[in-house]
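A lone chain, given as structure tokens: the form predicted on its own.
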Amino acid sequence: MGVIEYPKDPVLEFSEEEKLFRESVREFCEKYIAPKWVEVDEKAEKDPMAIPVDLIKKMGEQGLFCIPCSDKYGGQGGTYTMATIAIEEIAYADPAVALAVYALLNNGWPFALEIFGKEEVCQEIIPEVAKGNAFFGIASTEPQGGSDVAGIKTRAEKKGDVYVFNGEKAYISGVGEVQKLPWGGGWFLIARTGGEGHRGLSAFAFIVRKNGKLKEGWIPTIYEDIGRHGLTTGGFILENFELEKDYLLGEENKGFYHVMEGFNLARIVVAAATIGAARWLLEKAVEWFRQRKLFGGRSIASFQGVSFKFADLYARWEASRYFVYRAARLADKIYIEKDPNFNPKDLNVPVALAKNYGPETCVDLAEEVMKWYGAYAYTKEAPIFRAWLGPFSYVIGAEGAQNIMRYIIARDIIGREFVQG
């Protein structure tokens, strides 16, 4: 147990089942992830393809992937709140968040696959992802931009029983994992099947490698990231890549709407990862305050410039936590309980609040903790910088830029007609 625990809270309370689930995930993380996260980060920094396949398999055996997916598809049959709990705990154990991001991708996007995919496609992919044998993430970003989904250029032309893909994707997580994991995997991929704009896009369960066999026409490259090592990022070129028509998700030319739902689900667990890493950072700050003495034995926390800043950041963490779990509870109402009083659009603002506050709070906290640690934080002996660089990926744009979150909030609260130029 760390020094930062959830306060007694009658507003956001967890059920006994959820508390037991958190404890089981925490025990697993303390045993298998916390002792290895620095090693994973360092190895992958030197070699991006040093993917911790054995640890991913262990996480699959523990049931940390496809948590909200139905057990009829090989998922865990849990809730989205449980997936959120799991991601928070994994990120607390690995505040560089590589393993947490792997887990969040392989919870959010398989669940989106279940919502939109054909029965046989779900039966094929989800069990392999759940076991840690395959990766399934998101592939929307292209070299010309990430947030401009409506501007996607990759084309998918239907020819008989297949779609033929040509184009390029960039800044995609899991490009190495689909090559290294036993089964393989792919992405919830968006491509243009119709005319210009958002109404000409379709979504696909885009599997480039299955049963250990790589398909032709997929040309990958791996990037060297500055942080969040242990999960590969890369891009790929598609040259006449063929995919059977059954892998279309939902309706043709409705892919923009499908991926927006998927992003809402994914952003909840993205924010969960950042509040997990932030909790670790808060604890490192408290530990440092209790041991670091200056000016005749005074704790550095006795200076209001330090303790007041800590208080402000702690308050932001509490707010972020509320936003994250409120969005997760709402996702359960919509997708698990299928409550008719709620619909997917109800997630827009709660999710944007969670994604807006969580990553920025975590990164701001990491920067302050490094300042409090002083010169020691600028060495690799202190692991704080790893918890700064990893979550920073979500401030600069992954799973939606921060200003896109602000736009969503303003659009839905003020009104689209007043916000759009």
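When you see a residue number, it is the position in the sequence shown, counting from 1. This structure is a prediction, so every number in the text was calculated from the model and none was measured.
In what follows, reference is made to the form predicted together with a small molecule, a form of this protein that is not presented.
Shown alone, this chain has one stretch from 134-142, 192-200, 336-344, 113-121 that lies within 4.5 Å of the small molecule in the predicted bound form by heavy atoms: 134-142. Looking at Arg228, you'd find a heavy atom of it within 4.5 angstroms of the small molecule in the predicted bound form.
With a 4.5 Å cutoff on heavy atoms, Thr81 does not count as touching the small molecule in the predicted bound form; it lies far away. Looking at Thr233, you'd find a heavy atom of it within 4.5 angstroms of the small molecule in the predicted bound form. Taking the partner from elsewhere, Ile172 is found to have a heavy atom lying within 4.5 Å of the small molecule in the predicted bound form.
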